[in-house]
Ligand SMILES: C[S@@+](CC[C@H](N)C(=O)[O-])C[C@H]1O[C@@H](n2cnc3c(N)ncnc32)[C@H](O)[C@@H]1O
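Consider the single chain below, provided in C-alpha cells and representing the form predicted alone.
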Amino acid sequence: MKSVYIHIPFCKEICSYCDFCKMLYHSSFVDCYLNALEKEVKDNYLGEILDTIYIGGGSPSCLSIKQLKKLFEITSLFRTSPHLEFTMEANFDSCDEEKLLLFKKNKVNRLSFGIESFEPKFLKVMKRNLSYEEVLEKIKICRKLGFDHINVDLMYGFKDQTLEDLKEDLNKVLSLSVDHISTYSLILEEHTELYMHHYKRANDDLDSKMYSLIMKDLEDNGFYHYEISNFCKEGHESKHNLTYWNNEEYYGFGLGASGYIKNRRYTNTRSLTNYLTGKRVLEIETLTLEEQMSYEMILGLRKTRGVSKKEFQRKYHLTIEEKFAIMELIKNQLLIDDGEYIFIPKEKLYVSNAILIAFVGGNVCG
C-alpha cells in the first residue's frame, strides 16, 4: 500500500457535465465532513509509508483557510516517503496566493487544474467562468511559489465544436508551459444537467479527428502520450494515477471514494448523512485471482506502454498467453506483442474501449 485518495465533495458551483460525488459548499457541512473524514482515516490507515497522496473533488480549493488547515492536519497523520507526490485539485477562481502558500507549506507539490476550454460558448455550456489571462497569471504565481508539477484538464467533443476551436484551445493550453495535460471527450452521464437537457455532443467521426489532433499537437510539442487520456513532459507522469493503471492497492477516504485493499475493491457511500454517522462503505467486491488478472490487463492496457509480460508473470506465476486467449487480437493487430509488453497500437487507441470489450469477451485459456 503506497497511495491515498481523499475526496472533498464540495463546490461553489456545480458544472453541468459533472457526475462526480459533489454538493454545493456549505461551511457547517464542511466542518462536520472533515471531522468524519479524520475519523475514517484514523480507523483505517495502518501506518504504511506513502508515495502518493491525491486530494480530489469536487473542488478542494473552495475550502476556507481554516478548513484547509484542518484538512492538512488529517494528511499529517500519514507517514510519507521523501519522494512523495502530493496532488491537490484546484480551481483558478478559488485558489489565491494565500492558499497556494498553505499548500506548499503542507507538502503539496503537484497541482491539477480543470480548464476544460477557454472558448466562452463552451464555458457557458459547462457553467464555468474562466479567462485565459486569469489562468496565465495564476500559473505564473504557482511557478513563482515553486510548484514544478502542474496538470491541466482539457475537454472536447462539444456540440458545434470545430477542429479549429479545439486547435485554439490546444494553442492556449500549450502556451501555459505546464508539464501534464489530461484530455477528455465530453461524456453525457445520467443525472447531469447536460444529460437531462438532452444536450447533443460531437459525432463519433469528428470526435475521432479531435483525438487525433490532440495526439499530434501534444506529441509535436514534446509531450509523451503515456496513457489513453494523459500526456506529460519527460518525468512528469502522475505517479498516483499510475497506481490505478498498474493495478496496485490504495486507500480511498471520503464521500464516494473508492479503494483497493487486500484484493477487495470498495466504494464509499455518496450519502453525506450516512457518511457523517459512520455508515461509510456502500459496496465491497472481493476479487478472485482470475478477476485480479483481468483487472491487471484491462487497467494496464490503458497505458500506451501496455502490460509488462515479465511483471505479470512475477505477480501471478503464469504468462499472459497461458491465461488469456489473445492470439486472435494480436493476429488482427488490435494488440501488439513486442516480446516485453502487450499493448494497444497507437492508431487503435481511439477504439480502445471496443478492444477491451473484445478482450474481456475472449475465452480464458485456463
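Quantities reported herein were computed from a predicted structural model and do not represent experimental measurements. Start at 1 with the first residue shown and count on from there.
Keep in mind that the form predicted together with the named molecule is not shown, yet the notes after this line are about it.
- Although the partner is absent from the chain shown here, none of 122, 157 and 204 has a heavy atom within 4.5 Å of the named molecule in the model of the complex.
- Although the partner is absent here, residue 186 sits close enough that one of its heavy atoms falls within 4.5 Å of the named molecule in the model of the complex.
- Among heavy atoms of residue 300, none comes within 4.5 Å of the named molecule in the model of the complex.
- Using a 4.5 Å cutoff between non-hydrogen atoms, residue 350 does not count as a contact of the named molecule in the model of the complex.
- The named molecule in the model of the complex comes within 4.5 Å of no heavy atom belonging to residue 249.
- Across the options 108-116, 288-296, 267-275, 163-171, residues that bring heavy atoms within 4.5 Å of the named molecule in the model of the complex belong to 108-116.
- In the model of the complex, 57, 58, 59 are the residues of 56-75 with at least one heavy atom within 4.5 Å of the named molecule, listed from first to last.
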